[in-house]
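One chain follows as structure tokens, the form predicted on its own.
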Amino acid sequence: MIRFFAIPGLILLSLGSAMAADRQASDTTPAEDIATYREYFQQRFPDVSRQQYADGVYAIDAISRENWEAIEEFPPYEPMIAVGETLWQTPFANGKTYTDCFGTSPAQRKHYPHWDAASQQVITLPLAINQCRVRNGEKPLKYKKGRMADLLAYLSYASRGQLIDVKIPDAAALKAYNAGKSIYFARRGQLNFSCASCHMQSAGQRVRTDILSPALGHTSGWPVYRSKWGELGTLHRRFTGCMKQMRARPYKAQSVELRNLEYFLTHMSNGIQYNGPAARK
């Protein structure tokens, strides 16, 4: 049996088979989706501009924003940007550097995630970094934290102000987008939550002492230094953490599933500026 609940202009899948989820995801086009999400959040938070959603929960809660702005005067991720810059410039064992893969500019966020027709998959920036390393005889980096997060901090800092502009160029890309959309709205785990349960339906509400952030802009500020972690972490670290909180078995970082999810979620925020790295509670 399939049960549905409604957000204005959008029907969200609650329970059902994978086939039903695929049909539901394809009911609307990406352009229709963006219009619906923007309208929904504009009605939900009428005083918040679209760009402010890049600030996460700090866009919708004034007290939290004051605390965050104080932290940003001496951001805890600043040393990681410097480490990432050193990593970017340090030659591999073969004498080449990341610039041989990406070009000389570290401002790379506007290019990712994107659909790669040659390999028929979504390419994220962390995946591209490890592909570069492997091509040059280096071991891949772990995806959730450490040197990968440091590199991403430097590249994201260099990319601040770039607009999110994810394209869905063909039918294969649309299939990946819809797969990510299905993951976002499908309920899972012992708690029977979906990503949308917290970040669309309940955005702005409290879970214990935490205010749930809105979905728009969610991918713009990564990597993030979280006080809870005491370190910098990547977007896919957060994805897997959320799924664990749902009491669901998480997909692996940079799996096809989570890259498709990132593709969908980043497309949702088209027109918002990248502003990573960031600090969060």
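Please read these numbers as outputs of a predicted model, since none were measured by experiment. Residue numbers run from 1 along the displayed sequence.
The form predicted in complex with a small molecule is left out here; the points below concern that form.
Undergrad: Residue 246 near the small molecule in the predicted complex, any heavy atom under 4.5 Å?
TA: Judged by the heavy-atom cut-off of 4.5 Å, residue 246 is in contact with the small molecule in the predicted complex.
Undergrad: Are any of the heavy atoms in residue 178 no more than 4.5 Å from a heavy atom of the small molecule in the predicted complex?
TA: No, residue 178 is distant from the partner.
Undergrad: Can you check whether residue 210 is within 4.5 Å of the small molecule in the predicted complex, heavy atom basis?
TA: Yes, residue 210 sits close enough to the small molecule in the predicted complex that at least one of its heavy atoms falls within 4.5 Å.
Undergrad: At 4.5 Å between heavy atoms, is residue 38 in contact with the small molecule in the predicted complex?
TA: Output for residue 38 is no: heavy atoms all beyond 4.5 Å of the small molecule.
Undergrad: Based on heavy atom distances of at most 4.5 Å to the small molecule in the predicted complex, which listed stretch, 100-108, 127-135, 196-204, 70-78, is the contact stretch?
TA: Going by heavy atoms within 4.5 Å, the stretch is 196-204.
Undergrad: May I ask whether 56, 239 and 242 each come within 4.5 Å of the small molecule in the predicted complex, counting any non-hydrogen atom?
TA: Yes, the whole candidate spot contacts the small molecule.
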